[in-house]
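There is one chain below, alone, in structure tokens, taken in the form predicted alone.
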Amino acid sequence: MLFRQAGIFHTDYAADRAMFPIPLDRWMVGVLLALGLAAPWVFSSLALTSYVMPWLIWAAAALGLNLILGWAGQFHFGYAAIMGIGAYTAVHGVRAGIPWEIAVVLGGLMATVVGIVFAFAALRVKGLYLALSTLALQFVMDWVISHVPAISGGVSATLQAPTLRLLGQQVTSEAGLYYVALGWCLFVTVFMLNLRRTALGRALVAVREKDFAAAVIGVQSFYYKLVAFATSSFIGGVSGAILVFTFYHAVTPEQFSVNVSIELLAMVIVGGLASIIGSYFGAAFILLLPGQINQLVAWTAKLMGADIGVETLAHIPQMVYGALIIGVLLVEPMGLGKLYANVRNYLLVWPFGYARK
């Protein structure tokens, strides 16, 4: 029943190394994939463009940050700046006549170059000093983007994104833009699912746990940290470009400011470090839950006939939202992904709970 491992005999390594060895996992993934493909016909236009599509893009960005934070164990407080670099590079590339696909890849590569340059300096320190170094990246890039007219057009300027052209064809429909975002999110997810099964993924985990011990067994910690920063920056740069072309349709410095880096960090921490499904949960929690709480609080106050001032009504959802974050981390410090894993592990042996003892 449910996650029971009946029929799994562990007779060969290929079966044990399968991405989803348990049948129910495969069924769940299939159902979710079918729902994702059918989303333009299942959800309303408002829900598709305002909730589902941005959730997928931010989940992909959270997976990129989780690579450096969860797998490699390195702090990064400037991930929004990395996304902004990719977004501005891709927009300028398309405006210069470069095909959209190549421009998006160039955005990822430019973000990778900047990420590596800062990583060379940042990786000489650890802990809070590394966090401060990456925060400096955020502030430096904020200033450069805002004050160099050739990049952003000047302070508070808005740079219009050209129409997305995929393989030479204009993509203007809501469904088409959604499928572009879905395709990128699926690509990043599959990459991360395979990463943890590779030698690179195991090396990153070894560096995360204890870099000195990893060096003893031949794992060059600096090299793998640099690879983690480069790969994470590429994912962030492309995610920023996808976000601008499919959702914002214009790019401004405020879209990738320091508060966005903090929100991305919250997505990873609340969702769960080194958890793929946790990145999806964390993105939904940080991105979608506040609006639902606002509607719920307003509806509850109206239903009860409570005479609450507009200012108070605006702050109550923030209090509830903050309390929910604290509650989640108190119940399970490893995040929402670990809560899901706990339920799944319980169902693996349910109803024979004594089998775990």
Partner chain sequence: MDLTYLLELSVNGALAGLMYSLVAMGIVLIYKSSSVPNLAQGSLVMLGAYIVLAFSNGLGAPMWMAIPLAMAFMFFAGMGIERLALRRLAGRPIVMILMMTLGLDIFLRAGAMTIWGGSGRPMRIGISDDPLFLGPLLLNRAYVVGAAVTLVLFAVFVLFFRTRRGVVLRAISDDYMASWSVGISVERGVALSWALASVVATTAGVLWGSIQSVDQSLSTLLLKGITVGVLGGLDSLGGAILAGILLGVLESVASGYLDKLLGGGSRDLVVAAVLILTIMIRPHGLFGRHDIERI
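Predicted model only: the values in this text are computed from it and were never measured. Residue numbers count along the first chain shown, from 1.
FYI, the form predicted in complex with its partner chain isn't displayed, but the following is about it.
- Out of the listed residues 116, 190, 262, 109, 262 is the one that sits within 4.5 Å of its partner chain in the model of the complex by at least one heavy atom.
- The contact with its partner chain in the model of the complex, taken as any heavy atom within 4.5 Å, belongs to 323 out of 32, 323, 303, 38.
- Look at 79-87, 100-108, 220-228, 139-147: in the model of the complex, residues with non-hydrogen atoms within 4.5 angstroms of its partner chain sit in 139-147.
- When contacts are judged by a 4.5 Å heavy atom cut-off, residue 69 counts as touching its partner chain in the model of the complex.
- Taking non-hydrogen atoms only, residue 210 approaches its partner chain to within 4.5 angstroms in the model of the complex.
- At a distance threshold of 4.5 angstroms between non-hydrogen atoms, residue 275 is out of contact with its partner chain in the model of the complex.
- In the model of the complex, its partner chain sits beyond 4.5 Å of every heavy atom of residue 348.
- Taken together, the three residues 43, 196 and 336 lack any non-hydrogen atom within 4.5 angstroms of its partner chain in the model of the complex.
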